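The chain below stands alone and is given as structure tokens, in the form predicted alone.
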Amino acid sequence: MREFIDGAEAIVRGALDAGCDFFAGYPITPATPILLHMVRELPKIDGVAIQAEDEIASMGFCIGAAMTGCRVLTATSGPGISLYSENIGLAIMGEVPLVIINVQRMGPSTGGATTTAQGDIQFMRWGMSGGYPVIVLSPTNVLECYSLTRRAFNLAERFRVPVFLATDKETVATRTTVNISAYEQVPVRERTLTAAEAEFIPYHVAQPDEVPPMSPYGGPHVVRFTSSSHNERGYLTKNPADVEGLNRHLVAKIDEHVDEITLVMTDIQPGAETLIVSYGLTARAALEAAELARAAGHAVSTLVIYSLWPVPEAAIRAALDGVRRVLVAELNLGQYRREIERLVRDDQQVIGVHRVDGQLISPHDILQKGELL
């Protein structure tokens, strides 16, 4: 069976199938359809959907709901992420599992509300004080909007961290025909909880990369939650050992599990001297460009990155092996290209294929920049 669907509907369906029972958000083009779908669908399953008074309140509602046992989603665009950022930092500090959909549009500031872009790639990773890691996934099409939304919920529960889904106006708003049986049923784990009868130490971990269990809502435990540096019991502290232990834990629980988070798609051609790297919307043009180049007699490999942060360095280095030049296609001025440049050898050339004029990158743009015509 086939259906005619857009990315917003696919994201909502993925969230509901992942067990999402709470949504809060504020209208903003082009993320508003996700809000409207959630307001319509969540009451049908006894969930809660709130149109908050603004973006700051939206994230506050989401944090509160997640800490009381809900599985939480919110959606916005670049200007909204700006307003979310303080509470995203709170969610990182408090180790709150939640999923944030960023439907990217052209910036800066209000930019082009109905113009697609990929300009928030570095912002999602570094837009909060402290520089502590989050997870960012990026779908390339409607089917992946569904599967990566489910994966985002799974990772949020696994690592107790905000997980972004970095999509864009075109993917969310453009309808396409898909085969319903092709939706990938990504498993979503249950929340890890401390037994009601057990001693509960809110942030205790035996090793820095471990993730502490949460307390079941309504149980007998005392739960302390703060935006400030705290010890394992949740008390504010300036003790250097406690502060360092906390901060190293917030990094280690993500960075020491990159292989578990990494999701890429590679097509490595024997003898290829050119590698095309892409993510999100531009991956469609990149894959078509590779096919056209091969038809013209050029050996070209491709790497599509679905897990943008943390950077899947091992997978990128493996794809770089043996190539002479790397084309990085993205709708910004080279934000993820910076991560590729860190990993190449001195004898490898990195070439950016970028547009910031409101138009999409075409296969021809990539072929021309890579001299593959």
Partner chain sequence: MIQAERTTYLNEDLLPMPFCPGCGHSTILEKLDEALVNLQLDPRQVVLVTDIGCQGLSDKYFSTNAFHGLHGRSVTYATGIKLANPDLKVIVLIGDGGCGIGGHHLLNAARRNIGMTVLVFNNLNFGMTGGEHSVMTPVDAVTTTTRYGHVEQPLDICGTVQVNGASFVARSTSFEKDLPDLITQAIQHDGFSLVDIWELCSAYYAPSNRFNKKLLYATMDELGYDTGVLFQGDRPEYTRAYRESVQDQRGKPLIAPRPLDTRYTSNLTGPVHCAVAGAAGKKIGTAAAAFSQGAILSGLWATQRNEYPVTVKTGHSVADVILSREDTVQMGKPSPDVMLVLFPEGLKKEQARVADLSEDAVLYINADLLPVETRARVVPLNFSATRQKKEYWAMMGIAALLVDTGLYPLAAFRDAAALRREFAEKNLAAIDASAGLLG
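Small disclaimer: the values here were computed from a predicted structure and weren't measured. Numbering follows the first chain given and starts at 1.
Although it is not shown, the form predicted in complex with the partner chain is what the next lines describe.
- For the options 36, 52, 315, 344, the one in contact with the partner chain in the predicted bound form, meaning a heavy atom within 4.5 Å, is 52.
- Scanning 294, 284, 204, 257 against the partner chain in the predicted bound form with a 4.5 Å heavy atom cut-off leaves one residue, 284.
- The stretch in contact with the partner chain in the predicted bound form, judged by heavy atoms within 4.5 Å, is 224-232, chosen from 243-251, 187-195, 159-167, 224-232.
- The closest non-hydrogen atom of residue 322 lies beyond 4.5 Å of the partner chain in the predicted bound form.
- Contact annotation for residue 111: none of its heavy atoms lies within 4.5 Å of the partner chain in the predicted bound form.
- Using a 4.5 Å cutoff between non-hydrogen atoms, residue 27 does not count as a contact of the partner chain in the predicted bound form.
- In the predicted bound form, residue 63 approaches the partner chain with a heavy atom inside 4.5 Å.
- Within 4.5 angstroms of the partner chain in the predicted bound form, the stretch 337-373 places a non-hydrogen atom from each of 360, 361, 363, taken in sequence order.
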